[in-house]
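Quick heads-up: it's one chain on its own, the form predicted on its own, in structure tokens.
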């Protein structure tokens, strides 16, 4: 089975994508705010143009109405007076104190100092009359129903030009952000190349150190030299673990998977024994609660998962701390009493090159490898952590990897 590189690439580029999305989100938000302001200004300009056109028309109506009021005022027979009306507008007259004399308006006037304004779905025009006070009137209001054609045109133009501007500015933003992110991409590529070159040089000396440590006769050593040998062994195994991660990162994740039935209980016991010397140096104890469990998976890859979880539990544990490993048929749990992780940063622990404690060694690739293997085989991983209390990581096995064994047995 050829491992898909897409999942690994997704993890590899998480930081770059997140930076890209954050920049674009901020950029588009600012662009939309700018377009909103411009849209409001465009809307106001359409409104002002409409009121300007209406002012000319309504002024003519007001002048005609004023003449009709003067004529009515001067008629000889008051009992026959009828307030002049028009099918084109409605009007009202108010006295000097703003008291209504007569009104045909739908809406009461809101302003006595503003010549034209919109009110509900109508437009009011105010004409201040001369001091002759015909019919006692000082203020003449003209009211017309508003034609909303200008508004529909304004909104249509705002949406059209705004959408075009958003697309164009979004393309420019994407272009610029890629230029800004290029140094980060180049740095990651440089680091990857450095890791690949370094990995090739580590294998021979690490193998030689570990082989010679195993062959040394401890019975002929003094206590002082034996302690030195233990420290050398610890250092060599630390580098060996790092080498295995680097090898997987640069080589193994591209190879064909060799899936087979893995005895997880035996694997965990073997890896705990391997890391026991590192745990002893930090006075960290293991508690194993293991039941039989088999999984159809690549042995190298599941070993990387187990190794990195145990290694991290030791590395970030407290002195005199403990590690509890629980294995059941469908899951295993690695629990430590270490420094813990801030709840807001738990989701970031699987990012490549992400380290939360600069005092500890490593490249920050172990949990990234774990996540890539988890994704590849459809396993489920959950992390629960509290600062200064410890971390619990649970890996659950999918049913399909267990059913294969049932199919083999039934066959």
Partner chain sequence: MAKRVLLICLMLLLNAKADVYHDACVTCHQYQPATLEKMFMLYLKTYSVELSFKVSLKEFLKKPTEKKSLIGSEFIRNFSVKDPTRLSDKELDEAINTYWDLYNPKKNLK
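Note that the structure is predicted; figures quoted are calculated from it, not measured. Residue numbers count along the first chain shown, from 1.
Note that the form predicted in complex with the partner chain isn't included here; everything after this is about it.
Chemist: Check each of 331, 274, 243, 83 and return the one that places a heavy atom within 4.5 angstroms of the partner chain in the predicted bound form.
Modeler: Only one listed residue qualifies here, and that residue is 83.
Chemist: Can you pick the one in 128, 287, 132, 207 that has a heavy atom within 4.5 Å of the partner chain in the predicted bound form?
Modeler: When the partner chain is considered in the predicted bound form, the option within 4.5 Å is 132.
Chemist: Find out whether any non-hydrogen atom of residue 341 is located within 4.5 angstroms of the partner chain in the predicted bound form, and reply yes or no.
Modeler: No, residue 341 sits far enough from the partner chain in the predicted bound form that none of its heavy atoms falls within 4.5 Å.
Chemist: Taking the partner chain as it sits in the predicted bound form, is residue 73 in contact with it (heavy atom to heavy atom, 4.5 Å or less)?
Modeler: Contact check for residue 73: yes, within 4.5 Å of the partner chain in the predicted bound form.
Chemist: Taking the partner chain as it sits in the predicted bound form, is residue 107 in contact with it (heavy atom to heavy atom, 4.5 Å or less)?
Modeler: Output for residue 107 is no: heavy atoms all beyond 4.5 Å of the partner chain.
Chemist: Hey, in the predicted bound form, is residue 100 touching the partner chain, heavy atoms inside 4.5 Å?
Modeler: Yes, residue 100 sits close enough to the partner chain in the predicted bound form that at least one of its heavy atoms falls within 4.5 Å.
Chemist: Quick one: find which of 319-327, 118-126, 208-216, 134-142 has residues within 4.5 Å of the partner chain in the predicted bound form by heavy atom distance.
Modeler: Looking at the other structure, the answer is 134-142.
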